[in-house]
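Okay, so here's just one chain, in structure tokens, the form predicted alone.
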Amino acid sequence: MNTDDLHVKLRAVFDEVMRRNPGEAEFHQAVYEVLTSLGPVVAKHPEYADTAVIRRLCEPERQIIFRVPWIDDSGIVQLNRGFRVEFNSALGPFKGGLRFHPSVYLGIVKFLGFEQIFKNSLTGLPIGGGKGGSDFDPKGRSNAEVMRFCQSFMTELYRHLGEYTDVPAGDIGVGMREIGYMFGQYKRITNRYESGVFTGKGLTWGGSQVRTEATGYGTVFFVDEILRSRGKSFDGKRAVVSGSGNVAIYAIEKIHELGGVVVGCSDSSGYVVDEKGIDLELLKEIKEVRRGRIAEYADARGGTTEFVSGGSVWDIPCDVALPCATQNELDGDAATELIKSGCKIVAEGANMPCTPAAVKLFADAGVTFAPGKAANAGGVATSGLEMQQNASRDSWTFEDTEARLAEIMGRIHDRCLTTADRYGQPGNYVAGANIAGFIRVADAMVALGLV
């Protein structure tokens, strides 16, 4: 990362981030990506730098690290580490998911929390940014083990949460099962049925319609807005989606509903190519019911469907690419292959799945690139809608909630384009998302004083 690319007033900010947060490469990358967009803002509004708003924005309000002891089914004591980074509450209570995965450490949580500030800002909803999780891996664990871990995790974290303080949701490794166990422990300890303290809940106990589908649907709605702004649609478009988890599955579902065809998806073992279009019901059966591997899809589908062990799903030619797996999964080599195959749009369904090298290649080649803080904001947007329903003791239909999600994604798209134009970078969704998200938070921080 070359600080020469930064506005002179932002170089010291980034140097300070590097010095104060050693060894946290993902966090450094996320901060650098935002700061590279803010040069025109600082030139027009030097007060943001002069009053240390940007410096303060790069420092979490609170960082919580704790141990999580629990007992496995063999009676052996296990030990994990828990995290919650409450990054910025200028717009509302901290809001962001919990990730349970062996790769989780403080740098990952801080990168995710920093991204969440701008993502939540872009939705226009009154929610701040935060993130959390643990290096616990739920894969291969029994329901009883997952429950005992979640209860131990929440026994420490509960004291930092509240519907007006910090509202977690799910992320990688944390679905409705885990949310249920944690919410149950929160209710047990506090003696309060505080529905608004978690989002991603089950429909029978305070959850919202469309929450499961929201991130995948929202990403596709954003791409549909890009296409419609150019007088086009998904009809006949070939798409490739990385991953085969929750985000990927519902991105595939919505692309098919809008007339596109998804010809490839993946998991950590490899990818499948299905020229007829991914059979969504079969994929759901394997990944959601059996919790199996993507290779099983190819075996069950038969015909010309091919499973490729390892390799890159981005070798499949497509018009639209949606990286929906994990951070930094799509690198410069993969970007080069997508450009060669004629890919026109790349939208991030995951958080920061494209490396800086890939993003630069897309920009140089004229490939439209939609960053995750805008394109995958559908999940947190629907979490915000769940919070609204909980606060009013109300429940909306699937159709009503989906329509509101589509409306929010349309506003985010338009806000990105309008802001990019205003700051001299027409069509640049990265600049538009970063600047629009930043200005709303920065103005709130200024209004609230030195907090």
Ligand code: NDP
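Residues carry their position along the shown sequence, with the first being 1. Please read all numbers here as calculations on a predicted model, not as lab measurements.
The same protein also has a form predicted together with this ligand, omitted here; what follows describes it.
Peer 1: Among D166, D224, D171, E178, which has any heavy atom within 4.5 Å of this ligand in the predicted complex?
Peer 2: Of the listed residues, the single hit is D171.
Peer 1: Just one of S208, N246, S152, N88 has a heavy atom within 4.5 Å of this ligand in the predicted complex. Which one?
Peer 2: By the 4.5 Å heavy-atom cutoff, the listed residue in contact is N246.
Peer 1: If contact means any heavy atom within 4.5 Å, which of 188 to 196, 266 to 274, 227 to 235, 156 to 164 contacts this ligand in the predicted complex?
Peer 2: Heavy atoms within 4.5 Å of this ligand in the predicted complex occur in 266 to 274.
Peer 1: Might K119 be said to contact this ligand in the predicted complex, defining contact as any heavy atom within 4.5 Å?
Peer 2: Output for K119 is yes: heavy atoms within 4.5 Å of this ligand.
Peer 1: T326: heavy atom within 4.5 Å of this ligand in the predicted complex?
Peer 2: Yes, T326 sits close enough to this ligand in the predicted complex that at least one of its heavy atoms falls within 4.5 Å.
Peer 1: Would L112 count as a contact of this ligand in the predicted complex, using a 4.5 angstroms cut-off between non-hydrogen atoms?
Peer 2: Within the cut-off, so yes.
Peer 1: Consider G349 of the chain shown here, and say whether it contacts this ligand in the predicted complex, taking contact as heavy atoms within 4.5 Å.
Peer 2: Result yes; G349 sits at the interface with this ligand in the predicted complex.
Peer 1: Between 133 to 153 and this ligand in the predicted complex, list the residues on our side with a heavy atom within 4.5 Å.
Peer 2: Going through 133 to 153 in order - heavy atoms within 4.5 Å of this ligand in the predicted complex - there is one hit, K139.
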